[in-house]
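One chain follows as structure tokens, the form predicted alone.
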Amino acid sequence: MKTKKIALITLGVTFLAGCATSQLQSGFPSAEEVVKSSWHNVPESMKGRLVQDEAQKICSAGRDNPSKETIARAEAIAKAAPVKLPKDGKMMGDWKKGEASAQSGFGQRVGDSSSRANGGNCYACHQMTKKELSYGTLGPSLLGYGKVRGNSEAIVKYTYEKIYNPHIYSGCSNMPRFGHNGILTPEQIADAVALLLDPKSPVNQ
């Protein structure tokens, strides 16, 4: 019996190795092929999100390891795109509203109501306050963000643009392009800037 088990395990490992080798030899499907084969009955209002723009296409082609040329190209595309400001022109808003948005993962999902504001879901990737026990680590910790950087005009502008379209500074970044893709409004982004830079914000306590 023991010999049969070992034989079956060996056969299974050999089969999996053969599949992996075959897959590597045939190449992986493109992002467009995966989307086309995986998404069906998508609401009309969301179909536009299944079409990659130029930056997404070149970054997807590089997979986890885009070349320096690809990164530079993505940054150039981002810098050429407009950055919309809040109606009052101020890039730093209300940190309390920014905190509420950072805590919210609502929006951009099938079935979510368009009458409710999207959230930034910032804690899914970042540590932001000492009191928050649950947070992601895909992005860097943002504790003390404003303490370290201050809140000069240049830092406010950098932070706003980084949230609006992170490709401006980090081509092919994993961070969502919150403003460029209309996930957050300019006003919400200004509130997020305040959350990061306002001395009274829990981020800087």
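Predicted model, so just to flag it, every value in this text is computed and none were measured. When you see a residue number, it is the position in the sequence shown, counting from 1.
A second form of this protein, the form predicted together with heme C, is not displayed here; the remarks below concern that form.
*Asks:* Quick one: does P176 come within 4.5 Å of heme C in the predicted bound form, counting heavy atoms only?
*Replies:* Judged by the heavy-atom cut-off of 4.5 Å, P176 is in contact with heme C in the predicted bound form.
*Asks:* Could you tell me if M128 has a non-hydrogen atom within 4.5 Å of heme C in the predicted bound form?
*Replies:* M128 belongs to the contact set for heme C.
*Asks:* Taking heme C as it sits in the predicted bound form, is N121 in contact with it (heavy atom to heavy atom, 4.5 Å or less)?
*Replies:* Residue-level check for N121: yes, a contact with heme C.
*Asks:* Does any heavy atom of P43 come within 4.5 Å of a heavy atom of heme C in the predicted bound form?
*Replies:* Taking the distances in the predicted bound form, the answer for P43 is no, it never comes within 4.5 Å of heme C.
*Asks:* Can you pick the one in N151, S170, Q52, S60 that has a heavy atom within 4.5 Å of heme C in the predicted bound form?
*Replies:* None of the others qualify; the residue that does is S170.
*Asks:* Among the candidate stretches 29 to 37, 66 to 74, 52 to 60, 139 to 147, which one is within 4.5 Å of heme C in the predicted bound form when only heavy atoms are counted?
*Replies:* Of the stretches listed, the one contacting the partner is 139 to 147.
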